[in-house]
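Given as structure tokens, the chain that follows is alone and in the form predicted on its own.
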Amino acid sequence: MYEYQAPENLLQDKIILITGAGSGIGRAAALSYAAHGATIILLGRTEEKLNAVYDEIEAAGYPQAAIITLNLETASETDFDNLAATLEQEFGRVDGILHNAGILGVRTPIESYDPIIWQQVMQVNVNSAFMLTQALLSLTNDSEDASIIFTSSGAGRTGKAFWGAYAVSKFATEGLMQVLADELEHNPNIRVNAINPGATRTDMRANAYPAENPESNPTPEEIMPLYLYLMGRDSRTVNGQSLNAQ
């Protein structure tokens, strides 16, 4: 496991948006970031799940969160522009973005891969991350210390049979991160990196490996040290890196 001891006030007064914040790693990151002082913008498509995380944050006495319900599969450029305008009005800036939302699609040979599912996976895992980042870049420019984190995967580093659109989308995510990091290399206030969570006890992992004992994998909470490190000030000189949480 990545080892990092985060100061209690690591993210004090930070404004951080998390996609896919209703469950799994997104939920764990929201609670962890909030525990270290951040105001969390919870973005997801299922309001009930977002409300549950919101209530957990409130019950713990952390800074009050905000909820944005948005289906990344169908969201348009206009939707992201409207989101950016809302955040500018409400918060004035964005100090962090965690692109956590993603879908698996199906595990099947390329020859028989359903083009509709292929498009869905690419839309959620790559296109929406691009459009959201593009829409929010001006707000991260207003931050004195901004971090953008993409979610990668081992499947996006070495191509493996039957991983189809998911693997290709993660290769694309690595590329998007590297291009953006290089473009922002000389901006000392914004850094861009990616995290490979590794095998983690999530619903997506269970769907990908139905025969696996989920207890053999760490919980999302156990892999949070790297998420805290890359979002906090201690990683200010780290840019364009793809790091493993485990």
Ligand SMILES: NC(=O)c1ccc[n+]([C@@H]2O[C@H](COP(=O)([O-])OP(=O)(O)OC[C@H]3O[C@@H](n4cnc5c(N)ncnc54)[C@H](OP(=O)(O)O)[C@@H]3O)[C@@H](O)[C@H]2O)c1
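The shown structure was predicted, so the numbers you read here are calculated from the model rather than taken from an experiment. Residue indices: 1-based, along the sequence shown.
There is another form of the same protein, the form predicted together with the ligand; it is not shown, and what comes next is about it.
Asks: Heavy atoms within 4.5 Å of the ligand in the predicted bound form: does L72 have any?
Replies: Flag for L72 set to yes.
Asks: If you check in the predicted bound form, is R191 within 4.5 Å of the ligand, heavy atoms only?
Replies: Residue-level check for R191: no, no contact with the ligand.
Asks: Whether H36 contacts the ligand in the predicted bound form should be assessed with a 4.5 Å heavy atom distance threshold; does it?
Replies: Although the ligand is absent here, H36 would stay clear of it in the predicted bound form, with no heavy atoms inside 4.5 Å.
Asks: Answer for G198 alone: is it within 4.5 Å of the ligand in the predicted bound form, judged on heavy atom distances?
Replies: Result yes; G198 sits at the interface with the ligand in the predicted bound form.
Asks: Each of T140, L180 and Q241 within 4.5 Å of the ligand in the predicted bound form, by any heavy atom, yes or no?
Replies: Result no, not one residue of the spot touches the ligand.
Asks: Just give me the single entry in I25, L230, L11, L17 that has a non-hydrogen atom within 4.5 angstroms of the ligand in the predicted bound form.
Replies: Checked against the cut-off, the match is I25.
Asks: At 4.5 Å, heavy atom to heavy atom, what parts of 76 to 103 sit next to the ligand in the predicted bound form? List them in sequence order, or say none.
Replies: Heavy-atom contacts within 4.5 Å come from N100, A101, G102, I103.
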